[in-house]
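Listed next as structure tokens is one chain, alone, in the form predicted on its own.
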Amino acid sequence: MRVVVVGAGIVGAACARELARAGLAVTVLDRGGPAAGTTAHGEGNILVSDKGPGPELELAKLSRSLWPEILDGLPNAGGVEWDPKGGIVVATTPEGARELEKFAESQRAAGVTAEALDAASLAAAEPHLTREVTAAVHYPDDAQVQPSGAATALLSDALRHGADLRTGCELIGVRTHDGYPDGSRDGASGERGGASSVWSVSRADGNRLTGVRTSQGVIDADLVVNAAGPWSGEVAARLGAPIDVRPRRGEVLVTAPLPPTVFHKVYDADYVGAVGSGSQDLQASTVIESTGAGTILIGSSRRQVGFDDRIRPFVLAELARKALRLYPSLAGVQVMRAYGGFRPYVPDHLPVIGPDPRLPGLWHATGHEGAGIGLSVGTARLLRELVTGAVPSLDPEPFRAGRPAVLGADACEGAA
């Protein structure tokens, strides 16, 4: 089976690796380079702490179990910087404490290890953290990787198993089998002849794709995986099967290297609400963690501003203000740089994994928003199982591409 994976970020790299290891002929294409988009602008989080009971948590648990196993089998895993540091979620108000304790209890019922910390245990774990904390929960299974290093390692393993990589290669359109022996078709444009035609289309009609048209020519394919992150909506539209995946902007502050200051991923309990919000306005919540280089990453913000990539000072100021509430000792610390990126947002906050009901041969692996690093390997494993007909590791139904949040209610009725 010939597979084209569109997108060489961490989700595309993970999918390419799984499919290549399963013996499929995989071509990865990206209009930029490997890990050059959303992946390069992430924090590398692999979290179970921020997900309530449900399908996304099950995918997170699968991914967390796969990461160590996969890294053990990679010949060049040093650049991944795997750090199972654990996470600590804190509340700073009585109401926040009640909500955090309730949330943690629901996670425990779903099989997540969530350990309540008293004041002494919290001070020992994070000595520089404010003492104005009303509740704290430790999640030992939270981890971190260097996102570009992780994506590169996964992609390298895919290439080692026979995958091909094409960079600077932009997808333009789709080739489908139109069922007409002479290649004629009302309303079609592009190459003619035989039983297939190459077109850029505005709407899929159920004809199976046989390839894609790119800036480097036509690539034959039996299956195309749309793993283009925030650009997945645009890619799907070019393939004639639009999906509602939108960019959601986030910014991060990076301090100068410091002596050991933050020992876990630490975030305010209101982070979960910020992630789940559908508001287009700024949603900011404190997320603080260190890196192997000694810098401290300070987030997290969310805004829906299209692909406007300008960094806004008011967003950075809000991140800094909230960070000082948790770590007052950071006052006066030099900020070395700030960066921002786009996350693939879906209105119902669930990834899109599986076949598109409107265009046979088109599959999606996208819509992870800010959780793509952590969920990448679980997504890829589930995709490979569905493509090859293996028993899936978890129920794929909640992630199906044909659901209303992805296609819209009218499109869903038509697809059905």
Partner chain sequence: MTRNTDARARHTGGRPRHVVVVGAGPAGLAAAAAALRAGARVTLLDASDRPGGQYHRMLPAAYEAEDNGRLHHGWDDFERLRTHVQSHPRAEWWPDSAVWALERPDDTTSAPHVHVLRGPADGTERYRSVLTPDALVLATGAHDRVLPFPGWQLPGVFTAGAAQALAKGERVVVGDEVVVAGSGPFLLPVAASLLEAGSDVLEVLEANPASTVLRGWSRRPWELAAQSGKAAELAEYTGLLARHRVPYRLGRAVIEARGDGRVEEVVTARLTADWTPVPGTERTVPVDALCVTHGFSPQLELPVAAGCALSEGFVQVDDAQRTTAPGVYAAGEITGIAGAPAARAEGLLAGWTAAGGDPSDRTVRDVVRRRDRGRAFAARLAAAHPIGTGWPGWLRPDTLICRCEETDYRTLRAAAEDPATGAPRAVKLGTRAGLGPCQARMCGPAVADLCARRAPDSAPAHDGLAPDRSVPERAVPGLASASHHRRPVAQPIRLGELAASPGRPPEEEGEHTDER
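Positions refer to the first chain, counted from 1. Not measured: the values here are computed from a predicted model.
From this point on, the text means the form predicted together with the partner chain, which you will not see here.
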item: Candidate stretches 131 to 139, 87 to 95, 166 to 174, 217 to 225 - the one whose heavy atoms come within 4.5 Å of the partner chain in the model of the complex; value: 166 to 174
item: is_contact(A109, the partner chain) in the model of the complex, heavy atom dist at most 4.5 Å; value: no
item: W231 within 4.5 Å of the partner chain in the model of the complex, heavy atoms; value: yes
item: In the model of the complex, N207 touching the partner chain (heavy atom, 4.5 Å); value: no
item: The partner chain contact at L316 in the model of the complex, heavy atom, 4.5 Å; value: yes
item: Selected contact from H349, H41, R64, R384, since only one has a non-hydrogen atom within 4.5 angstroms of the partner chain in the model of the complex; value: H41
item: Partner-contacting position among A320, A123, A116, A237 - heavy atom within 4.5 Å of the partner chain in the model of the complex; value: A320
item: Those residues of 331 to 347 which, in the model of the complex, come within 4.5 Å of the partner chain by heavy atom; value: A331, G332, V333, Q334, V335, M336, R337, A338, F342
